[in-house]
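First structure 1, then structure 2: two forms of the same chain, each alone, as structure tokens.
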Structure 1
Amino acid sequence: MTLDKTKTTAKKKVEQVNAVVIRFVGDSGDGMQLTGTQFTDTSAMFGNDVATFPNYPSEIRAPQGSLYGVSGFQVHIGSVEISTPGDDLDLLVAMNPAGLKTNLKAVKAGHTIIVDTDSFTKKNLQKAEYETNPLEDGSLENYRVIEVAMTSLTREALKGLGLDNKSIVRSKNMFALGMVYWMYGRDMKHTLDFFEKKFKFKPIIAEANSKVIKTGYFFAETLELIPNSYSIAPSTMPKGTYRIVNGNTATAWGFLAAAEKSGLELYLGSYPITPATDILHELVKHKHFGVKAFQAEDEIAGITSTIGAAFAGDLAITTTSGPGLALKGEAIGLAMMTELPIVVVNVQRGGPSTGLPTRTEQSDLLQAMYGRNGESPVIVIAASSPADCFDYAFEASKLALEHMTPVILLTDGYIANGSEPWKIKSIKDMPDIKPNIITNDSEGYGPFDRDNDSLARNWAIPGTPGLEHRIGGLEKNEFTGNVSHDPLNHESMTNIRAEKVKRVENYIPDLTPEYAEEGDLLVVGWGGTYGSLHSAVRDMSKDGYKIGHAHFHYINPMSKNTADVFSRFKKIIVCELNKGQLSFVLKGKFNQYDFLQYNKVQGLPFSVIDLKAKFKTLIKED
């Protein structure tokens, strides 16, 4: 097949759509993450709302063409509000048979699949465990399949440029991207600029990539198999300066902001673990802000060095995922007992044990709440989307510093790796953070005196003359701070520590249900399921259902009006990616209500379609 630009067919139709879900899949080496990111950024800059989710194999270098070596990137773009990376696909771009096989199920019937026919060789079909070629055996007849010899077309486009075969084959992802750009009426400029900048010192590679992307673009325009293109108008997002962020970056940046706002230096003690490691990767870059990021020998050293840094006066945090949180349990107790401000971030993944490291789950809530010896309440909060990880990392720091207690911040693999537009917050728009630091001229107040309202103890930092003191894990006397085994003192101190955490409810916002203040069904969720639950409730609310969505960001303590919210709905369903951990907590706290449950533990997010079906039957049952 040759490409003749002069033979452009009559101008094709343009169809308006509100939103589409596209997934690019291929071999780990096919550059699918880059392709997806480029499409996302271009769409965001065009003004669409976007949400993405990468899906890569857990093997670092999986064998080429294998089913488990498939790497994917899903993006959901729209002129309407986009809250999740999307369920079913409008378009699948499959660079090889393995990619097709592992992703076909997600494509909506009747929708489009673009394949690189050059990769459907006997060997690759075998590796993908196809007995017959799906392009020939009729198994794809329910889809609109666009067969393109991408590798050969790429090779032809680059003829004479003097590139080696490997570099040529490697740029075929840009052919696919060019096609998709044309199909969705996207401008290539952002990507062309990107290559020019990235390969400033390898102009030949920049040229090759722009050549291939343009070739793909014009090929799609010409190809009769693609009868029309789609237009997705810009969405109506609030005015401002945006950027695309994933949850782990947003988390890291939230801590940077909190450090600057509080006037403290940021310390991170961490040990690598999927999917939390990218927070470490991000923070180690920021030595220019004086960030002290310490890769420790294990999770215990991660958190105990964090406790040391908090004692010495830093905004001190530690980041981990489920198994790491288990290792940190004893030390969280020490931070609670010594009343030092630390933040523990747990980017949840599929458990138990090593579980599903690269998949998402919400099954560490009870561990965060209760996974320690003794009576040891700590603040537990959860972020709910990639961008709001920024806000909750900031909030976790603020609560820790102002209340002198450890805070556990829960995120999960889904929002940590997913990305969406973030309306950039300037440091001047963030609330103040006022740590409870005392200095030697704070007459009469010692390290063991408390704030009357919050009960936070004073923070006396080493280096401050006159405030020398000792803290530790042993019970201390309420007034002097000295070690005490007195029974009544112990009970009193236990109550004070609990009350201190409970009083945080006076400093946090109300729980405000979305879409309905009262009604037939209240959908309750927490953490990273916000997007799916929000989408389902939004759709049903539009259809006239009396349904509301209450999403918990504050889990310990909860907002003071929680019971009031519950009382205004006929039914309550708690939806979680676990076997019912928040419902367990709610049942203990609010036993006057019935909590129905909707649970899923497949390492996958909720499907909005499934959620709506469930909610509809619940409402109908009356």
Structure 2
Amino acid sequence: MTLDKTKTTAKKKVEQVNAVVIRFVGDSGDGMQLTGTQFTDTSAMFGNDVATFPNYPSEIRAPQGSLYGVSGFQVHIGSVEISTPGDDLDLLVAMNPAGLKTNLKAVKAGHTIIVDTDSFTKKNLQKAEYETNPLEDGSLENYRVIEVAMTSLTREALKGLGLDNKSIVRSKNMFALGMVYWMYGRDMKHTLDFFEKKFKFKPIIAEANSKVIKTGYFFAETLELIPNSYSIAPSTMPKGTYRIVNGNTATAWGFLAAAEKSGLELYLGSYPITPATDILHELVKHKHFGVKAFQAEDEIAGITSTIGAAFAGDLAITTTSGPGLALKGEAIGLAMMTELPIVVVNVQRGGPSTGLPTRTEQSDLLQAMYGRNGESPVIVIAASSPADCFDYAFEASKLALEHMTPVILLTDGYIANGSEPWKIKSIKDMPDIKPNIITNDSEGYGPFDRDNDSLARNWAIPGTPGLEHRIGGLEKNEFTGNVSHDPLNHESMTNIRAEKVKRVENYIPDLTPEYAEEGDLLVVGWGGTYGSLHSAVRDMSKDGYKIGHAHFHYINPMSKNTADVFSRFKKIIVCELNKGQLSFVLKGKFNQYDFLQYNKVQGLPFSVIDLKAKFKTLIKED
């Protein structure tokens, strides 16, 4: 079966739109992540700007049809700049009643819902806690509902192919994808090629998925309930080669680039934990680049093996999420005490304890800043989007290696699992990384000899003749490295370690606000809230508001001009997906300013609509 685009577009009206927000929802086994990913990749190859937000249930095998077992994938595509996965939905594809019930409130009035009517059985309606069938009781009259017997039509399309019923039913997600491809003028070729590659050794599965997606496509083409399709032009982006990446993949690649630029081998010691595990999965694929990956038996083994790798001269990484960061606290103090360069990646999730492992939150900032015994300062930085996870993984490595101290890199579940276009970088265009390694004792070696500017200690690799030395968790003499319990020496070493981290401010860029550089309101954020805050401030700036956006990537230390930026605005509001942790830090450092707060702790990102309403209220109060 071939696709005749001329015939397809001639039949019905094509409406031009700048952007669209689509969400696919269903049971974990309905393939919503695959469906959303294929639509995203196809749209990106067409040239649209995209941003995604996968949403997983925390239970591995949640009961089928249950409200808490719904899996979703949201994608925002457009011909304009796309910075977030979007707020309200233009299209909801619901494969079962539970998916409809948990996501209906996100659909714009008058917009489209596609449902698989075969799933709206009495049993599934009860599981979704419906007293009546929403397809029959008038509760959906404010939406354009397209009812399709997807399961039955999928069975019909695959009749005689020889597949068992379970395999047939699992293909119905491709029927839905085919319909959405037609509605938004997407070409099926990329997905058909994907089937051929993925199921190379299972050709009957490739054939089944190909048949079903084509069936869905042409069903939508002929369905009278869909009066028009939509056209979204390619986006205008800087020239270059792009690919879609999620934050975890970009983080892994940033470390690979840092290992190449530093000339060191990359070591990862990690214990699997949601949502950080995919960094481990990605790095394991690259042993040909000299990557050594160790899946440890627990979080403590993961970081202590990383400290050993740093002592031996590797670029040493460990990855975790909030509960794991708590377990790593003592060992981070050891790395700080021994002044060894390690990078700790914390992909934040909802807490406390096990909390919301598949939801996003920014609740680990204070733990990263202060969650160790004793005076134990470390460098803390944060990535703000899926693509720039690459840059800040690279930057975290550079800071650790050049300043000889641990660096905590904060990402979160939102940007770790979300994806967007990333312009591929050439390693030759990236800054050099110069580890403080010495190779001889021509001037007499001491383990705590330091660079005069950065205070980074010299790094002697074990086994280098003449550079034998002692380091450890007991306090050391400032000059010899021998164990010392002298009170004045301890105070001196404590001050040196703190000053070393503070001097990093001389090596990081200034804080530069977006849009207004002075005015009525400065919106302050950090980490994965960037896209939402940027979009809200951009829209209000276009409307004439004197509003700026300052986003913190460097949190300890902060940029030297931070106070100057604050001084140029009448009001400052700090927006966080927690109860006010950056606000707490800022109030301690800059108590001359009044920091307003806007907080959300729901396991979900900010809504641009809600942000704009809050910001307008604050400005009007003057």
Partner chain sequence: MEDIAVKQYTFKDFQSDQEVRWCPGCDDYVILRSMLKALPEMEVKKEDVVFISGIGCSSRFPYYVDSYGMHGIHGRAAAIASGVKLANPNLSVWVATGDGDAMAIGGNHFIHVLRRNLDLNIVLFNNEIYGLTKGQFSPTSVLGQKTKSSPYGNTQPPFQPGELAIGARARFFARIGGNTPKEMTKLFIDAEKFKGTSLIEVLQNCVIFNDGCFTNYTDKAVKDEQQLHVEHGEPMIFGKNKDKGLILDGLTLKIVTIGEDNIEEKDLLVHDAKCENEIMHHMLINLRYPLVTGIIRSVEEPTLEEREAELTEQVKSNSNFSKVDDLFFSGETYEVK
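The first residue in the sequence of structure 1 is number 1, and each one after it adds one. Quick caveat, the model's predicted, so the values are computed rather than measured. We call the rigid core the largest set of C-alpha positions that still match within 1.5 Å between the two forms.
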| query | finding |
| --- | --- |
| Form predicted together with the partner chain - which displayed structure it is | 1 |
| Core-superposed C-alpha of Gly263 shifting 2 Å or more between structure 1 and structure 2 | no |
| C-alpha of Ala550 moved at least 2 Å between structure 1 and structure 2 on rigid core | no |
| Core fit, then Glu491 C-alpha moves 2 Å or more between structure 1 and structure 2 | yes |
